[in-house]
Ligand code: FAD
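Below, in structure tokens: the form predicted on its own, a single chain.
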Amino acid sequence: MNTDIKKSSKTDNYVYHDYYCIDELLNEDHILARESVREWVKQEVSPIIEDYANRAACPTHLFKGLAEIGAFGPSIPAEYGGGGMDEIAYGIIMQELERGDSGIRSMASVQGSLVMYPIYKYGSEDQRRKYLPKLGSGEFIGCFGLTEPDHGSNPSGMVTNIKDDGDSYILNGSKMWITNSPVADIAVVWAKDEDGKIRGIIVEKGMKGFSAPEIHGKWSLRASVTGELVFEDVRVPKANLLPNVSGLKGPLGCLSKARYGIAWGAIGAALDCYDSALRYSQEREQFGKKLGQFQLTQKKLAEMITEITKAQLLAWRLGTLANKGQATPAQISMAKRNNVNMAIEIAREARQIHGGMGITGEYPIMRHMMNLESVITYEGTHDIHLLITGMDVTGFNAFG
């Protein structure tokens, strides 16, 4: 993979938009985290991201920087290599990263929510001490193996399995659409044991029979590296089994953590599109007037900031519930579904305000739009989240 760093001469002029003064609801740690991550994105991500997205190459050198700014496991206790911050800080960091690019946020949220979190939540103390500090520092890169080629929205149908073999398990099967997998040092893999129960197990790079081929040809998340996980009679020590969870609640608990981060992250992509469209409308002239002077342009911008503000309030309230341990999976689903859909709609409207320039790499709009087409599907599709809310309010299960 070509990792030559080609920096753009463009200046990242992004400014934050807080129409309802939500900053007054945040504490100093939240603001400091946001400012430091935003500055890092402006310096390290914005100048290179269009080039990497064009080449469908992942800027893997940013993993170390993500670790340095505390983007890996912000709400994991500091003694295990996390940030020791609250859930709102975690969300704010994801928002700033996705403002830069959804793929960069994916790199961080997979590492923190889908790898560090299950090891912290479901792992043994030895596993925590062995893996979490190295994951938090970026020395190790992790990935999360749940989705299979034939089982996406129905993870209970997985066929990947482990069989007891003395002091080890023999792992067979495959996983698909796995962020970070080609560059990962470890994978948290979910598989069925001989009793049909879903268990989590840590698989390390280099184990015989384990491979992680890259998936090519993506039109979305082009700056994120995605691959498969293939297990052919992989011998995994029993010490690598996550001891403190059994069943689908294990991976679903991880997905709730990740979905929470996405609910915040998508706001960042929407804000970047809105900020670009607002600035363009104040500079571009047609028919002897600035675009922003036309009623239809003002309608688009007014609706954009309204929807962003609603999403910000939804995310903030969800964060306060999460801090108290009261955020339900259904509440998280609602926020993820609403906020990602909001971001896609804003990207489309922003593209129209930019006119033909909106399809070029001179502006971030099309890159965000393409990325969000993945974000609206992964960690639970748009329609699946609708059914989760439907089941929660009616009491009836419409799945299957």
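The structure displayed is predicted, hence computed values, not measured ones. Numbers follow the displayed sequence, beginning with 1.
Missing here is the form predicted in complex with the ligand; even so, the following discussion is about that form.
A.B. asks: Assess the spot marked by E87, A263 and T320: is the ligand within 4.5 Å of a heavy atom from every one of these residues in the predicted bound form?
C.D. replies: No, because E87, A263 and T320 lack any heavy atom that approaches the ligand to within 4.5 Å in the predicted bound form.
A.B. asks: Go through Q312, Q95, T226, T297 and name the one with a heavy atom inside 4.5 Å of the ligand in the predicted bound form.
C.D. replies: In short, T226.
A.B. asks: Which residue, T147, S168, T160, Q127, is the contact with the ligand in the predicted bound form, using a 4.5 Å heavy atom cutoff?
C.D. replies: Answer to the contact question: T147.
A.B. asks: Within a 4.5 Å heavy atom cut-off, is Q286 in contact with the ligand in the predicted bound form?
C.D. replies: Outside the cut-off, so no.
A.B. asks: So in the predicted bound form, does T381 come within 4.5 Å of the ligand, heavy atom to heavy atom?
C.D. replies: Answer yes; at least one heavy atom of T381 falls within 4.5 Å of the ligand in the predicted bound form.
A.B. asks: Should S374 be classed as touching the ligand in the predicted bound form when contacts are defined as heavy atoms within 4.5 Å?
C.D. replies: Within the cut-off, so yes.
A.B. asks: Examine Y120 and determine whether its closest non-hydrogen atom to the ligand in the predicted bound form is within 4.5 angstroms.
C.D. replies: Judged by the heavy-atom cut-off of 4.5 Å, Y120 is well away from the ligand in the predicted bound form.
A.B. asks: Where, among 289-297, 173-181, 268-276, 75-83, do residues come within 4.5 Å of the ligand in the predicted bound form by heavy atom distance?
C.D. replies: That would be 173-181.
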